Structures are given as structure tokens and as C-alpha cells.
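Coming up, as C-alpha cells: structure 1 and structure 2, two forms of one and the same protein chain.
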Structure 1
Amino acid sequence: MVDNIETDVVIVGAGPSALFTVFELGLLDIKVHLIDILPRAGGQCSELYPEKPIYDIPGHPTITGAGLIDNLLAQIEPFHPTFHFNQLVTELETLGTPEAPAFRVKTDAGATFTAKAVIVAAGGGSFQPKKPPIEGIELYEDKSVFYAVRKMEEFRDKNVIIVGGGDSALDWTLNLHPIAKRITLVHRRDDFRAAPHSVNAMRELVAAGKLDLRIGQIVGLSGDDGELSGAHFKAGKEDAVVIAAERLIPFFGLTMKLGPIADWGLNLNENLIPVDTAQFETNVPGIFAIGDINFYPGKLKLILCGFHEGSLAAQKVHRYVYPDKKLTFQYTTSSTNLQKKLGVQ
């Protein structure tokens, strides 16, 4: 891993507002790295309603959440943003001055960034995993129990129990199967919400004896000093039995919390970040907030509002990134300079 990544802007979040802001920043020759705790771009559109139609995106009478994210990703391709998924921003340190801001940003994966501006586009906060109701599970967290797969090598040659029935549970069951010693998939019922092709692939492996599927739930853990040796499995009214396992990955869904952002010295209003409506900057010069996480009089939590907010924030960010360069507003319809950046000239 690179010790420190220098960039113009760090965007915290990779939802639709963040993606369109990459486009606006790209037109201004501003480099961007995006950090998101989720495993893919799209925020709520990808995680909560990928196939749900949206009816209030300008120019699209109807478009699904996944379709919107696909289009936004295609739109920012010319600017080559760098994504850092499965990472939570844990620390933000102010390095510069109000006139010349600079920040050091750290993630829980050990990555460090320095940037002249930070844009918080974290929706209602960061998605954080819901924990299963297993007594003492916290004793094993980050040693034997993981709520996301960040390094596949952690699971090589291990007996792994994956709990859940959604896409994440099935995806990682299939992805870890080739390297784990043995995978046991546990779900409370023999009915899965994951994509049908993933469910079919899982069942084929079970039928071939290459994977274990257990219908029931994990009710306890055994081990010492955070090192898991077994999980207590219970099916219906039967007595619990112990399944040997060195790793447990529960996928119980996500919940949204403001998280470490609350400790960054930003003014807060009921877990939202107040901003001015001229440039969507917070009380800390150089830190901006766009999308559902910000607050101002008349705020509407609409995706199109996030697009507007990111566009105006980009104009102010330009002043911090290029303090000696005059910004001349241009239209993509008439500017050959912008069209060259977009690769259409």
C-alpha cells in the first residue's frame, strides 16, 4: 500500500452526488480520490434499491438505481477517478490554514491521503454493519469475526462460516470457496434474496459436496483470546451443535451512522452538517458537504439537489486547488476545451 496518497480532493462517499461531483471537478482539472465503506459505487442506489425505478431524475422519465449509477460511472470515465472501497474514513487532520486548506485523511484500512479539500457526500452517514445478537461476539471481532472481506488471504485454508441470504453472503460464499478450507453457509431459511445465478451456483456446489448449507442460526461462539474454534449452530427446536470454524462472516445488513465524521470539528444539526448555500462549504474552510448529509433552510433530500450542490462546491474547490488561476465558467455545449477533456473532440 502507498504510504501517502496526494490528491486535490478526497470525497467521502461514492453515491450519485459524489459521482456527479467528480464530473464537475474533472472539468476543472481537479483530481479526485473517493473513499467508501461499501464494496461498490452507488451508495443507497446500489445497496438499497438497485432495481427500483426512480422518477425524478431530470431527462429520465424512469431509471433504476443501478441504471443511474452505471450512467454516472460512464460519465466520469474521462477523468479516471480512483475509488477506495471497503474503507471507513476514521481520522481527519487539518494541516493548512483557512486561506490555504490542507487535510490528512486516514482510513481503517491504513490508507493515508493528503488533499486540499474534502467533500463529505456520505448520504445519511456511513453504512455500518448490523451485528448479530450473539453474546460475546465483540471479543472475536477483527481477529476471527469480520463484517466485510477486505483481505481474502485472511480466509485462506480456514474453516469459514458465512451467515446471511443476500447478495453479499452469496457473493463471498462463492468467491472464498476456492481458497477456504471449507465454507459453511448458514441462513435462517432455505430461501435466499441474492441474485438467482448466485443461488444456483451455491446449490450446485452443495449438491457436489463442495460446500455446506445449514438452515438455522448461530447462537454462540467458542474460542480463546479472540481466536474462534467453533460456532454454536441451532436449527429450530433441536439442541445446538458446534461447527468447527476459525472465521465467521455475518452479513446482517447495514445501518447508517454519522460515525467518525462527528469528531471532525464540524458544526452539526441533529446529525446533519450545516452548509452555506452559495458553495456548500461547512464551518471548516475546505470541507464541503453535499447530498443527504447536509442541512440548510429549504433542503430537499433529492438526488438532483445533490447534483446542484456538487456543482457549486466544485467552483469553490477550484480556488483552493488553483489559487493563482482565474476560473472562467464554460459550457460543455460550446467549449472545445471542455469537449476535449470529455474526449468528444
Structure 2
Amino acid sequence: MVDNIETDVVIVGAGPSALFTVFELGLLDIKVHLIDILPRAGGQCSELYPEKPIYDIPGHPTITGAGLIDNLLAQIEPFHPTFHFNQLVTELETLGTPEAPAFRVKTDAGATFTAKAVIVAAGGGSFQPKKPPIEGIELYEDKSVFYAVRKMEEFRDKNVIIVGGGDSALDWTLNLHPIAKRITLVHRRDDFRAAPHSVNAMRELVAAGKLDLRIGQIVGLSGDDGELSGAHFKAGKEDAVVIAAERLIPFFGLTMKLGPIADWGLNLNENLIPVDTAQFETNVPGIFAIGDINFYPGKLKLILCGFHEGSLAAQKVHRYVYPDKKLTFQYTTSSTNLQKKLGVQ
């Protein structure tokens, strides 16, 4: 049994909107736990365009996606937020009353949290593996087709096909190679995005006859009752041939899916969560939505809008966390109280 974590606020997602909101909440003495399915902070900036320059962050004529996230993490350092990565928020249950809300949040890793407010900063949804367009693949999912390796034992003494040319595909080819019966790596071209040292290690195993590398695509599967027996491999214009295998791991990158958010009792408008523009609260008092996931008249999916929304939401969150305290507006430049919290006094 996993212990329950009690905190002021749980933020669903750890993209740029979530990160800056930690700062605004921190100034108001509000403690935060953030949960993201990705293994790191930064949402789209980290996952989709870490090396690309962004030109419309106020005060930064240019900054890369990764650079912005590094800066945001440095900025919120004084508030010691706790990150829970590699887990999907699956459940959000409303406990308290509209005047004194409380929530229970659960993840697919078995963690549970109770909080006085929840901020949904889920962007375009959670990043989940893309599925290759192979007919009937869903019949095999979680039995013999896996989009991630959670238990290595699953692959012991099995013939395994790994599809892809990036780091995940190469890393798992190398990691599973010692325990699998035989691994076949399938990629559409003889060029790999993965780190050069893993590509070299893979090439050495192929040269030594310990690993099969096939250039082409998987176009079909055979098997019974979800138990895979072979995959249909096609190279260029040649006819497909069957490669015998009991396991298939396709790595086709990530796509954003709304996921369990649809089941949390929140109003939705075409996969977006409608909010008011004074405090960015949803139809459920105590649940807020900021950044790309929310909707209101005039909404723009820009990072700077997520920052603004988080700062305003924080004011209302303060009322739920400290119902008896009055909030006075202060500047970070001139308030010694705020500067103490930031550790600069």
C-alpha cells in the first residue's frame, strides 16, 4: 500500500505553464506536487522542440525550448516543488464542498495525493506512444506487443522484433539482447537518429551475427488470441516475408492524447476545458485549468498566456488553501517578505 501524499496543490502536467505557476504559488506559500507522464519537466518544449529557438517569450529575444525550461526550473528552485515523473494521472475525485474543496488524485503508478486545489496544466494531453498503422495490432497489445518496456522478464528467451531508429529502439535492442532468444531490429532506412555509440554497438552485434538488422517496414501480424507468432516484413517493393517472433516493440515517437481527463467531471469543449478569465477555474470549484488545455473567448495557445493564467489562478487558489488569510499584492522587486521566500534577502 502506497502512502497518501498530502499537499496544498497538485498540478497535472509539468510543462511551462505548470512550472511558472509553481513560482506564483510559491510566493503565496503554497506547496505543490507536479505529476507528468514524461520522464522530465517541460512538456512540449522539452519533448517536441528542445533545440529550436522561441522568439516570443517576453524579455527573451530568443531562447530555445530546453533553455526556457532550464530557466524556469532555476526560477522555481527556492520553492522545492516535488516532481513525480513517468506516471499518468488517471483519477481525480472531488471530496470536500464547493466552499472548502478537497480532491484525491491517483496515478497509474499507484501514488495517491490529497490536495485543496488541483491545477490541470495538461497541454494537448498526455504524451503517449504512437501506434503503427498495422491492422489488428490492438488484439496483441499488452500481451505480445508493447510500446514501452516495463518488465524485462517479459522478453526473456523470446524472439523479439524492435521497430525504430531512435534512442529508445537502440537502447532496448542493446538492453534486451542478452536475455532475449533473438532480436531483430527493423528500421525503414539504414540511418539511425540514436546516439552514435549505441548505433556502433548495434552494428558490432550485427557484424558478429548476434543480432538481425532488417531495413524495411512491418505491415502485418500473425498469431492467435493475442499471442504473436510472426510479423510481416516488407522491404521496398519486394513481397512481404514473415519474421517469426513472439514479441514486438514498436517505437514510433509520442503523440498527445487527452486521456483520462475526460472522466473527471469537467466540462469539455472539443477536448479543451472551458474556464472563466478572472481565475481560470473550471466548472468544478477548486479545479483550475491553465495553458494549452483551457478554452475561453480569445484564447491563444502561447506560452506567455499560460504564464498569465497561472498567476491569476494562484490568487484564487490562495483562498482555498488559506481561507482566513487576506492576500495583499506585492512586488518581488520591493517586498522584503517575497525576497525572503526567494532566498535573496
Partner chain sequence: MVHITFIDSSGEKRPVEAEEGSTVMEAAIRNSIPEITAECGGACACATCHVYVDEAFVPLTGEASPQEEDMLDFAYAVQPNSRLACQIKIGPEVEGLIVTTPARQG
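Each form is matched to the other, and the largest set of C-alpha atoms that superpose within 1.5 Å is called the rigid core. Reference numbering: structure 1, starting with residue 1. For clarity, every value in this text was computed on a predicted model and none was experimentally measured.
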item: Form predicted alone, given as structure number; value: 1
item: Rigid core fit then Glu238 CA moved by 2 Å or more between the two structures; value: yes
item: After fitting the core, Ala262 CA displacement of 2 Å or more between the two structures; value: no
item: Displaced residue check between the two structures: Leu88, CA, 2 Å or over, core reference; value: no
item: Leu221 CA shift between the two structures in angstrom, with the core used for superposition; value: 8.6
